[in-house]
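Take a look at this single chain in C-alpha cells; it is the form predicted on its own.
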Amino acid sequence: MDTRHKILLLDDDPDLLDVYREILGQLPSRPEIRTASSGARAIAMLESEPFSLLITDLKMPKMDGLQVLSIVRRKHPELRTVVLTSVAEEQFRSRVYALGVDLFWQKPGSEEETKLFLECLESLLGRELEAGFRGVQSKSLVDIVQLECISQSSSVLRITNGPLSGRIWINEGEVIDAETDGARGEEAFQKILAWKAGNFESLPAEPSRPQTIFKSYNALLLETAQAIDESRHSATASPPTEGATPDAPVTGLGALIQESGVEFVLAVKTAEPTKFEARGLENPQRLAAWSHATLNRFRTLGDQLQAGPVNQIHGLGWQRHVALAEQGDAQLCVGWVQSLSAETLQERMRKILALWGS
C-alpha cells in the first residue's frame, strides 16, 4: 500500500506547474505530486481523493486562490494549505492567514529561497495535527514567528489567549518589538510565546515602530525557549529547604549571551574543534569549523609576518558583526548586532573576554 503524501499543486500557468512539480520532486519524503490548472478542477480532485497538502497560486481567472481556500477551509479543514504567489501586498497575506493557511510564500527567486521553501513544506508534511494557534493551522507561535522571519516578511502578529492579548512586530524578517499586559520588548515576547494556544492574525506592517528588540530571531527564540523551560522547571521543583544557599549566578556562555548587543556566542576547543558549546545558534557545526579555521589562518599569518599573537578578529557586516578571539584553551566567536560601531564592538569584546576568563 502506497503511504506517500499527496500534494495538489494549483496554478493556471502550465509552464509553472511543470517547474514547481520538478522542484517539489526534491522533497526528501518523495510525495506524489498532482496538478490542477483551475480552481474548479482542484476542488473536484479534492472531493475525489485524499491529499495531504494543497499549494495554490492567488491570481487565477474565474475562481481565484482566495475563493479556493475559502471552500477548502469549509469542506476540508484538516488539509494543509500553502499559498505560493508573486503577489507581495500585505493585504493578501492578512486575508490568506485569516483563512487558516499554513504558509504564505512568495515564489522563490533563488536557490537558497527554494531550499527554505522545501524545508518548510517537508515540515508541514511530517507534522501530525495537534492543538495550536488557529490562523495557521495547528502551529505553535514559534513556528509562526519562524515562518514570518524566514520569508523576510514585515507584519504585525496580533495574538489572543482568552482575556490576554499581545502583539509582535516583525520588520524584514527580524523581530523588532513585542507588547502585552504592561510588558514590552523581550519580556513581552517571552510572555506571549509561553501561551500554549489561542488565536492570531497577521496585520499590516508598521515600519515606523520603535525598535526595542535587537537580537536575531534565532537567538531570541532560543533564549525564549530556554526561559520557558526554566520557568516550568522552577514551577515543578521542590521548594528550597531552610538554610539552603541561593542559586549561583549565571556563568559561562549563559552570562555572555545576556550582554547587550550579543546575538550568539560559540566556544570551540582549540585542540579539539569538533567539541564546542553555543548559545543563540540552531546549527553551530559549520560556524565552529569556520571559526577554528579562520583563527588558525590568522595565527599562521601573524607568525609569518612576525607580528605577534592575534588578539581579536572583527568582521563588520550589513546584517550583523562577528568577533573572534582565543583565550586559554578555547576559541570564542561572538555575533553582535549590526548597529554597533567598530569602536564600541572592540570595547564590548574586552568585557566579553573578561567575563569569559573570570
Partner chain sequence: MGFLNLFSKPAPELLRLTSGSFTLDRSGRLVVTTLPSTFPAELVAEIGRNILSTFREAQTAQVPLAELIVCYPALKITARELRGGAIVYLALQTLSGPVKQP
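Residue numbers count along the first chain shown, from 1. Only a predicted model underlies this, so the values are computations on that prediction, with no experimental measurement involved.
The form predicted together with its partner chain exists for this protein as well; it is not shown, and the discussion that follows is about that form.
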>> Using a 4.5 Å heavy atom cut-off, which of 171-179, 153-161, 97-105, 204-212 contacts its partner chain in the predicted complex?
In response: 97-105
>> Which residue, 92, 276, 195, 217, is the contact with its partner chain in the predicted complex, using a 4.5 Å heavy atom cutoff?
In response: 92
> Ok, 222, 262, 287, 120: which has a heavy atom sitting within 4.5 Å of its partner chain in the predicted complex?
Replying inline: 287
>> Quick check on residue 322: any heavy atom within 4.5 Å of its partner chain in the predicted complex?
In response: yes
>> Taking its partner chain as it sits in the predicted complex, is residue 59 in contact with it (heavy atom to heavy atom, 4.5 Å or less)?
In response: yes
>> Is residue 32 part of the interface with its partner chain in the predicted complex - any heavy atom within 4.5 Å?
In response: no
>> in the predicted complex, is there a heavy atom of its partner chain that lies within 4.5 Å of any heavy atom of residue 41, even though the partner is absent here?
In response: no
>> Just to make sure I understand: among 335-349, which residues lie within 4.5 Å of its partner chain in the predicted complex, judging by heavy atoms?
In response: 342, 346
